[in-house]
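Only one chain is included here, represented as structure tokens and corresponding to the form predicted alone.
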Amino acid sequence: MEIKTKEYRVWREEATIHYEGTMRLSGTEAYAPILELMDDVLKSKPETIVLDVTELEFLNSSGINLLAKFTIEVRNRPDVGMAVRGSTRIPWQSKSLPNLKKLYPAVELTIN
């Protein structure tokens, strides 16, 4: 499954979900298709879900909230692990992604 617009693209490869571009969607409803894609991966019960945001240049507060809620969902599923990959060249990632680890300390966070 892939969600693609002029501004962003979200797609999955097995249990890895890739995000790229600029996501400025207006609220929870606008992010619903992306959450559905993420939930589909979670429902498949992979050993580890990987969120790869290394190419996501911008994510607004609604999108960060989406990542936080999804992290809590994964935390409630002890049979599924979670890893997040970010990039130091994108400032929001170094500031916001460590907060996911506060929500779920077992998250493997890699920011290169």
Partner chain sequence: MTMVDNAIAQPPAVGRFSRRSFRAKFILVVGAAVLFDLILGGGIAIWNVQRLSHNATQQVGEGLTEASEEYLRTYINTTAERADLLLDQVHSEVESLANSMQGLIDNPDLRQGLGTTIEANSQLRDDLVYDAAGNWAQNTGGASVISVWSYLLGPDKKPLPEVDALVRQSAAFNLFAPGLLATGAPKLQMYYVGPKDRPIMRTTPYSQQAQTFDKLYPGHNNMNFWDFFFPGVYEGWQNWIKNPSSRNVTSYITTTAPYIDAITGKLIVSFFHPLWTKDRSDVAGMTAADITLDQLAGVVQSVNIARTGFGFLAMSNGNVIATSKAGEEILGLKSSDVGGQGVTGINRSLRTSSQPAIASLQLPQDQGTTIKHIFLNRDGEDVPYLVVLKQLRPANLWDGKSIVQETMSLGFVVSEREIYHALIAAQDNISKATSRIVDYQLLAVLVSLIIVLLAVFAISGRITAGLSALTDAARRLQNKDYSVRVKVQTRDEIAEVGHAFNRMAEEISFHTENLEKLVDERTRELEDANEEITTLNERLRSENVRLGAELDIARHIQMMVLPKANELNDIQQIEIAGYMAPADEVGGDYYDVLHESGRVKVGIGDVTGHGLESGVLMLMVQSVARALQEKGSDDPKMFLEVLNRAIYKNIERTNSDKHLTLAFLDYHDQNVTLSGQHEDVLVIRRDGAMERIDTGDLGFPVGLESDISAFVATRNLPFASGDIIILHTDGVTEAESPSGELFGFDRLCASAHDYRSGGADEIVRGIIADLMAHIGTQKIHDDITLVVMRHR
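Numbering follows the first chain given and starts at 1. Everything numeric in this text was worked out from a predicted model, so none of it was measured.
Although it is not shown, the form predicted together with its partner chain is what the next lines describe.
* Check 69, 72 and 95: does every one of them have a heavy atom within 4.5 Å of its partner chain in the predicted complex? -> Spot residues vs its partner chain: full contact, yes.
* Asked: So in the predicted complex, does residue 88 come within 4.5 Å of its partner chain, heavy atom to heavy atom?
  -> Heavy-atom contact with its partner chain at 4.5 Å: absent for residue 88.
* To do: Look up in the predicted complex whether residue 62 has a non-hydrogen atom within 4.5 angstroms of its partner chain, and give yes or no.
  => Residue-level check for residue 62: yes, a contact with its partner chain.
* With a 4.5 Å heavy atom cut-off, would you call residue 28 a contact of its partner chain in the predicted complex? -> The answer is yes: residue 28 has a heavy atom within 4.5 Å of its partner chain.
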